[in-house]
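For reference, the chain that follows is the form predicted on its own, supplied as structure tokens.
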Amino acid sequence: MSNMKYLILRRITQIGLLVLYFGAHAYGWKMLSGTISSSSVLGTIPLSDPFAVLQMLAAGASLGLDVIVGAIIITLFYGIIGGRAFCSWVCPVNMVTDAAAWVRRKMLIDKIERKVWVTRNARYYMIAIALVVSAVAGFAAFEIVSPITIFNRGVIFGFGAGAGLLVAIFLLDLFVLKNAWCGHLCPLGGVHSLLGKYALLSVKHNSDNCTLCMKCKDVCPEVQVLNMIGKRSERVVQPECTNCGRCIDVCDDDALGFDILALGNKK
């Protein structure tokens, strides 16, 4: 089980958060209440999704101070420390897309030539579209259809027809395009990529230990961030890395590991 360390830790975190949200609604727990978009820790510390806040501002909504402070807290945490870790350690949809990726590998679907191509920059276009639609429609547009919100609220209040969207994402990732949702389309993933561009935590590669087995690239949902494999020792600097630890889990050569950036040291 040692080669699943970060996978197990991620699942504990993701499921644990959902349990806390459910417990707050069902039993009045105070540790973490609300939803992923807008939460409160111990009934005191606000946490707000910066992308949801941007959509509400675009829609012309008046926001309370707690919502703004909550967005600042999240922005600072991921911007300074976590990078894009939200996508792999917090977002519940990650469990759906991880399952699709696992089935793809087991069914060898990755070996079948695919004609579908979508630029990974599509997620950034989705950010702009969501903000424009929010401004025109007068409400936070992406939050209405967000599979993250649907999953989170489904656990708290029960799944309805929205569960069909989660199934659609699973099938899209499985049969149409590898890592389609998280790796290409999700605008919240794009926002966290931008937030965490200069974060201190990242994966570092040691080329002296690497035997070029390429297991890391097989499991990485953002394989382009591992462009240093087989070339040089270097930190992952592309902001699309989700700090999921998949590559570290499968590396038998101790060539990959998490690293905290020393100020002024980019290598």
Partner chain sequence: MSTQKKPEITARRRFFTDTAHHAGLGLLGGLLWAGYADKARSSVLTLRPPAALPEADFLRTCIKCGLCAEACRNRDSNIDKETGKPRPETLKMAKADTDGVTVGTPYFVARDVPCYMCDDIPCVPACPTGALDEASVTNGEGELDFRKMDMGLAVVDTNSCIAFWGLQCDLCYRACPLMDEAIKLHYTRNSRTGKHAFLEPIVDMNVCTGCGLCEKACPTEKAAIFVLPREVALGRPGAHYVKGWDKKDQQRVGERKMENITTHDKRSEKKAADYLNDGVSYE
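Numbering follows the first chain given and starts at 1. What you see is a predicted model; the values in this text were computed from it and never measured.
Keep in mind that the form predicted together with its partner chain is missing from the display, and what follows is about it.
> Any of the heavy atoms of I112 lying within 4.5 Å of its partner chain in the predicted bound form?
No, I112 is distant from the partner.
> Any of the heavy atoms of G230 lying within 4.5 Å of its partner chain in the predicted bound form?
No, G230 is distant from the partner.
> Please determine whether T44 contacts its partner chain in the predicted bound form, using a 4.5 Å cut-off between heavy atoms.
No, T44 sits far enough from its partner chain in the predicted bound form that none of its heavy atoms falls within 4.5 Å.
> Does F142 make contact with its partner chain in the predicted bound form, using a 4.5 Å heavy atom cut-off?
Yes, F142 is a contact residue.
> Considering its partner chain in the predicted bound form, which of A199, C216, V236, A52 comes within 4.5 Å of it through any heavy atom?
Result of the distance check: A52.
> Counting non-hydrogen atoms within 4.5 angstroms of its partner chain in the predicted bound form, say which of I81, I129, V167, V176 makes the cut.
By the 4.5 Å heavy-atom cutoff, the listed residue in contact is I129.
> Which one of these stretches, 238-246, 221-229, 202-210, 52-60, sits within 4.5 Å of its partner chain in the predicted bound form when only heavy atoms are counted?
Only one stretch qualifies here: 52-60.
> At a 4.5 angstroms cut-off on non-hydrogen atoms, which residues of 156-193 are near its partner chain in the predicted bound form? List them in order.
Heavy-atom contacts to its partner chain in the predicted bound form: F157, G158, F159, G160, A161, G162.
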